[in-house]
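First, one chain by itself in structure tokens, the form predicted alone.
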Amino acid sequence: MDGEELTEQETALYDRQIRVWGANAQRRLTKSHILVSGIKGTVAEFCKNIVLAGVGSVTLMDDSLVTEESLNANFLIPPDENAYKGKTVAEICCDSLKDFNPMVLVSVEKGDLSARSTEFFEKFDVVVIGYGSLATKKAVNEKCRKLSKRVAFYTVDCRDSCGEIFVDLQDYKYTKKKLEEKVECELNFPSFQEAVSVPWKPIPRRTAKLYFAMRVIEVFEENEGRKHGECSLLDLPTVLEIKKKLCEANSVSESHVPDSLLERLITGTIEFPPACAIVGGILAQEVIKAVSGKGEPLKNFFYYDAQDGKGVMEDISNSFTS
């Protein structure tokens, strides 16, 4: 990603942010290639932010057709039906993002992300999966980890006014300021499979309840063959039964995962735009950190709930059991 120097046009356009994080960080951004799959409200916010920041390219994957529900939080889709009729979400969002920053190459890739070969991901520096199935997130993360180069991997999911971000930077080195000195640091990240398979009992009780609730919802959708958001209040008994089995298997009380939280997650299928802006902004900030090598990254989950207005980082790995 180090590549050639910034052009005069790039230096002029990104002058303000170069003053913040330096020319080398901006150069890495402008040479980076980002793959984004699944584009709803939160991911739309993320895409807007990284395009404005000046990444090299953004490749969008989302073959779903635009519906009225798509318009709720995805501001990249114009409200005029004639503008999006017959087009996929990725195609419409691609057109909108090009207007934000013509210097960023925005393109569309069609097809099923999970069916792509390991080699497909080698041309990207960052892979972001929005609203993906449990199987897709596991499979793509595994493929990224098999590559000889390090590919930063992220998942993001928003339901109702709650959001989750997962980060896997593998073995990651970065610099941060300590007093007046720059310090070299290194972090080791678990894979997605490892992070969602940690036994619940050793995890501290103060850990965000959303971590456990999202695992319950993932298992429900996988067992029932549902896509993201394909659930309603009628599914609550099944979800609660899955929660009971998971709590028993992990030797924890059922109070570990509040029923009221699970009910919110399965009934709030439409995203809450203010939550999208916050979670999408955090995700963009983290990707910029990872690409530029500047600043301490989030490790390895982030949760936001608009009901209490709190955002929390949770470091969840097998270290709890060692």
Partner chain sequence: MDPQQQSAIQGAKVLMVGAGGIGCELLKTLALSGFHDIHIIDMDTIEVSNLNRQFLFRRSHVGQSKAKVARDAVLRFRPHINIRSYHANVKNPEFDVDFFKQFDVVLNGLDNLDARRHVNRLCLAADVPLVESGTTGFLGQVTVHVKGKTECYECQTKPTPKTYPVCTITSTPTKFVHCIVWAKDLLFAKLFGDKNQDNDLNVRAKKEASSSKETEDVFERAEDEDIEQYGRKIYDHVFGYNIEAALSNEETWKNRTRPRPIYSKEVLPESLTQKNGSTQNCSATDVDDSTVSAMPLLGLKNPQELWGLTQNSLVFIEALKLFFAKRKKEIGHLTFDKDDQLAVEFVTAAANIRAESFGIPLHSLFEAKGIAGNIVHAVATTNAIVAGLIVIEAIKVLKKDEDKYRMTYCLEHPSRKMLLMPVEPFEPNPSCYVCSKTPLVLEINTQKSKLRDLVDKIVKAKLGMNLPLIMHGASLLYEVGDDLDDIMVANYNANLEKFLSELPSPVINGSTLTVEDLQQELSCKINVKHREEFDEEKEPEGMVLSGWTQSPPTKGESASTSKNESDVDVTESSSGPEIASKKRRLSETEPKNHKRETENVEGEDDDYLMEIEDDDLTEIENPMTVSKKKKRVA
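Because the structure is predicted, anything quoted here is derived from the model rather than measured. Residue numbers count along the first chain shown, from 1.
One more form of this protein, predicted in complex with its partner chain, exists but is not displayed; see below.
At least one heavy atom of residue 79 is located within 4.5 Å of its partner chain in the model of the complex.
Taking non-hydrogen atoms only, residue 62 never approaches its partner chain to within 4.5 angstroms in the model of the complex. Heavy atoms of residue 227 never reach within 4.5 Å of its partner chain in the model of the complex, leaving it off the interface. When contacts are judged by a 4.5 Å heavy atom cut-off, residue 261 does not count as touching its partner chain in the model of the complex. Although its partner chain is omitted here, in the model of the complex none of 191, 199 and 300 has a heavy atom within 4.5 Å of it. Heavy atoms closer than or equal to 4.5 Å to its partner chain in the model of the complex belong, across 265-286, to the residues 272, 273, 274, 277, 278, 281, 282, 284, 285, ordered by sequence position.
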